[in-house]
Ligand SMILES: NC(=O)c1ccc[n+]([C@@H]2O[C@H](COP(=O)([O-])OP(=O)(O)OC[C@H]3O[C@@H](n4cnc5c(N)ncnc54)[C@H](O)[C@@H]3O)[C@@H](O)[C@H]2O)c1
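Just the one chain here, the form predicted on its own, laid out as structure tokens.
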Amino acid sequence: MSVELTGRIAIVTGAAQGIGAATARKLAERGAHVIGVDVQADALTQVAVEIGGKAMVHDITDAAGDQQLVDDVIQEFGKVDILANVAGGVLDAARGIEDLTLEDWHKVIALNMHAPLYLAKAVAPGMKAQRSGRIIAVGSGAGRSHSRTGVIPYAAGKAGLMGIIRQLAVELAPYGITCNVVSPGLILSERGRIDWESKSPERQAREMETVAIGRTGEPREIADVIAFIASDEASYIVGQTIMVDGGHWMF
């Protein structure tokens, strides 16, 4: 068994930036052929060129489009070995119950919970037929406890995503398919850095008090864990939510 991924075909959503781009780079570094998916065409293309992968500009909240995307990948490459559902976020939704709109509720839930299900549903038949596969979702401490963003549908969507992955894990494990969640803490992706730097030094200090390691994280530190979960060495890890947060949720 090996952490190497030579010959594996991997779909990575949200691959244009942040954790998604870091994941695409890491999986490619380990030998996988990566199909990056995002709505940001220019940035996605740049990542794909850098890693020698393929860019597919697509809105993953489109269920029919997700099925077509997977069908196209299988037609071109013969299979899908790894699905890394990284895309997610708050989409500038309002904080708190009073300012939350139903439009924001639906669009945030669609991105964080519905889209990963659509893609898992699309890849599952092929993975079952080959009796192997990895379905990995990027979660959040928001789905386990509460969201520091105060965005209700984000917390709900990540909690629902964890439930989906647990159920898929039970159903698909007998076919050699493992399903797991990797949940980041305070990660300074492009968007994460903007949010972090918008906080006062006093608030930053308060938040750091609950992070055992005493620092923020980098996208590559999440990508490293995703790459491990995608490898053969993680073959007995099933239905887990792995917190990669510097020890935040111990407090």
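Note that this is a predicted model, so its numbers are computed, not measured. Residue positions are given as counts along the sequence shown, with the first one as 1.
Not on display, but discussed next: the form predicted together with this ligand.
In the model of the complex, none of the heavy atoms of residue 230 sits within 4.5 Å of a heavy atom of this ligand. Although the partner is absent here, residue 153 is not a contact residue: none of its heavy atoms lies within 4.5 angstroms of this ligand in the model of the complex.
Using a 4.5 Å cutoff between non-hydrogen atoms, residue 158 counts as a contact of this ligand in the model of the complex. Residue 199 falls outside the set of residues with a heavy atom inside 4.5 Å of this ligand in the model of the complex. For the three residues 18, 111 and 187, a heavy atom within 4.5 Å of this ligand turns up in the model of the complex in every case. Heavy atoms within 4.5 Å of this ligand in the model of the complex belong, among the stretches 59 to 67, 27 to 35, 46 to 54, 201 to 209, to residues of 59 to 67.
For the stretch 116 to 146, the set of residues having any non-hydrogen atom within 4.5 angstroms of this ligand in the model of the complex comprises 138, 139, 140, in sequence order.
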